[in-house]
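There is one chain below, alone, in structure tokens, taken in the form predicted on its own.
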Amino acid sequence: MSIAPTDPVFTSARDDAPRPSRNKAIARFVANRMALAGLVVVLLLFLMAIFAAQIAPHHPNNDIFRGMRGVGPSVEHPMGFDHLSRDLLSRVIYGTRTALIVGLLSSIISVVIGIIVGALAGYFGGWIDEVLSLLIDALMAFPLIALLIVLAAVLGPSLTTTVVVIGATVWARYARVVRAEVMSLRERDFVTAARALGALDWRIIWKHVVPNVLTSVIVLASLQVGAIIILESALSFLGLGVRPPTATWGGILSDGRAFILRYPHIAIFPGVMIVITVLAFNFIGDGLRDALDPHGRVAKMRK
């Protein structure tokens, strides 16, 4: 008697352990007020980034108001002016676009690399696992910000460089989580049945194993977006991120550093935006973790 793919042996590995259904997961997330608040803030930030040209009252680079150098907030200009007499509110709004582009695109790159490396290491084991695990451990042991500074300095500052450099260096945490889960899943009955039916390894990995680790990856990715935004701000602050005069929160912070005593508002407002954005993504990540991973496996793997 042949075994059909729809038989219980092919059901998701989630059936082996109790997990919340989709409705229960949504209910858990909705019940988390901090997660909902974070989601609202992130949605507003996305709208701000998408419609920056319509929302910003002035051009972030070209509109220069003579005689307004470092002038503080007013009714007409709620965030005041920077050291070059540019409207600070407009620059902060455009900086939102840069932060979200880097945060999301770098996360996608790191997730893809992490899933590929972690799945291969966890499924095949042996020397493949040893080599890839050594690469993962070496990358996680190296000071990340130092590595980013070196790579950004070598490749030159730009938006593309920032996205690629960050995405290509922060994938190790995803690979570790995926590897641990795949090592457990490869021994489950549905994988054994797929092998018995002659399924190729690549098909088993991408069709049966990887879909069962996506929950943990989604939770971890939502928690890591804020960290990536901080990394982008750090690179821009050091002059190794996006080239000026493109508005970035880290770049505005760097501009205000020399005038922190005379014009503190230049550094305060982008700093507040970074804090709010990172907190919002962290709240969403915590909410997703509680909703999708109630047993706390992701939290344990992050330690």
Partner chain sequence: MSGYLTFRIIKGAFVVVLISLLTFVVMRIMPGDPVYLLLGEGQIPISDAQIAAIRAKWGLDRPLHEQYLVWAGNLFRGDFGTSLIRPGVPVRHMIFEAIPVTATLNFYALVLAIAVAIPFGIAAAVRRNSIVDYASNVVSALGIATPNFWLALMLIVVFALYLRWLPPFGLRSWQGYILPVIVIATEEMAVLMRITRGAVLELLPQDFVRTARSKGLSERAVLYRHVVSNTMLPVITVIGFRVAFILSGTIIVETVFALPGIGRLFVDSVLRLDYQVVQSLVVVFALLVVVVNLLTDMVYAFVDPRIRIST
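This one's a predicted model, so the numbers in the text were calculated from it and none came from an experiment. Numbering follows the first chain given and starts at 1.
Although not depicted, the form predicted together with the partner chain is the subject of the following passage.
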Notebook entry, point to check: Any chance 143, 253 and 260 all have a heavy atom within 4.5 Å of the partner chain in the predicted bound form?
Noted result: yes
Checklist line | Contact residue in the predicted bound form, chosen from 108, 200, 153, 128 - any heavy atom within 4.5 Å of the partner chain | finding: 153
Next item on the list: Would you mind picking the one in 68, 41, 49, 268 that has a heavy atom within 4.5 Å of the partner chain in the predicted bound form?
Entry: 268
Notebook entry, point to check: Can you pick the stretch from 73-81, 225-233, 99-107, 118-126 whose heavy atoms fall within 4.5 Å of the partner chain in the predicted bound form?
Noted result: 225-233
Next item on the list: Answer yes if any heavy atom of residue 264 is within 4.5 Å of a heavy atom of the partner chain in the predicted bound form; otherwise answer no.
Entry: yes
Next item on the list: Mark residue 30 yes when one of its heavy atoms lies within 4.5 Å of a heavy atom of the partner chain in the predicted bound form, and no otherwise.
Entry: no
Next item on the list: Look up in the predicted bound form whether residue 137 has a non-hydrogen atom within 4.5 angstroms of the partner chain, and give yes or no.
Entry: yes
Checklist line | Non-hydrogen atom contact residue 208 with the partner chain in the predicted bound form at 4.5 angstroms | finding: no
